[in-house]
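Only one chain is shown below, in structure tokens, and it's the form predicted alone.
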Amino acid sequence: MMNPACRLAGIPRGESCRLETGPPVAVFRTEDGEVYAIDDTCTHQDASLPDGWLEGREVEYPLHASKFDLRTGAVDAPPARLPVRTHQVLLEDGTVYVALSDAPPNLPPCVAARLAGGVA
């Protein structure tokens, strides 16, 4: 199911916005105008990926320089080893729609425990 996320004009090129889903999702707009949605949290440690750097179709994790491909979620540089979950995006009439993936997220254990109501 496609959910309205934000207005495309609300995401400047090279920037992102965060969706307060569980777990949070980040919507990135590249310098070329492409739009991708991935889980907000790095798979290596609890850090928000939009706090990192967007370079082409990659986002660099802000704490340890792991890089994730926005198209596939694949890790392009360690120390992260697990891919970040991606979500389907649709642009229509200036609105960004996101269909959340049914796949389980690859969250660091502390984040998974916090979301499950356990101690982080």
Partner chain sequence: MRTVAVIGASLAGLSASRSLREQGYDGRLVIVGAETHRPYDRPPLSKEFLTGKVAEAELALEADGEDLAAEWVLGACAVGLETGERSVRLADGRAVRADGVVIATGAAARTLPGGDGPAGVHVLRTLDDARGLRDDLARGGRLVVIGGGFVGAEVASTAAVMGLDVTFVVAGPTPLAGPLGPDMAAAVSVLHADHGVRLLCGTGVRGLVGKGASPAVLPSGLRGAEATEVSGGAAGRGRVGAVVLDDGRSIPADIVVVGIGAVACTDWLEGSGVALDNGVRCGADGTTSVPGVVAVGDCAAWYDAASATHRRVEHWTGANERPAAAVAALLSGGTAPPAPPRPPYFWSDQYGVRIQFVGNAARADSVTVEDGSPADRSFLAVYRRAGEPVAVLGVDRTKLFTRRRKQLATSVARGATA
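Residue numbers count along the first chain shown, from 1. It should be emphasised that the depicted structure is a prediction, and the values quoted were computed from it without experimental measurement.
Separately, the form predicted in complex with its partner chain exists; it is not shown, and the next lines address it.
Its partner chain in the predicted complex is not approached by D69, whose heavy atoms all lie more than 4.5 angstroms from it. D46 belongs to the set of residues with a heavy atom inside 4.5 Å of its partner chain in the predicted complex. At the 4.5 Å threshold, heavy atoms of V89 stay clear of its partner chain in the predicted complex, well away from it. Of the heavy atoms in D51, some are within 4.5 Å of its partner chain in the predicted complex. Each of E15, R81 and P109 comes within 4.5 Å of its partner chain in the predicted complex, counting any heavy atom.
Contacts between stretch 88-106 and its partner chain, counted in the predicted complex as any heavy atom lying within 4.5 Å, involve no residue at all.
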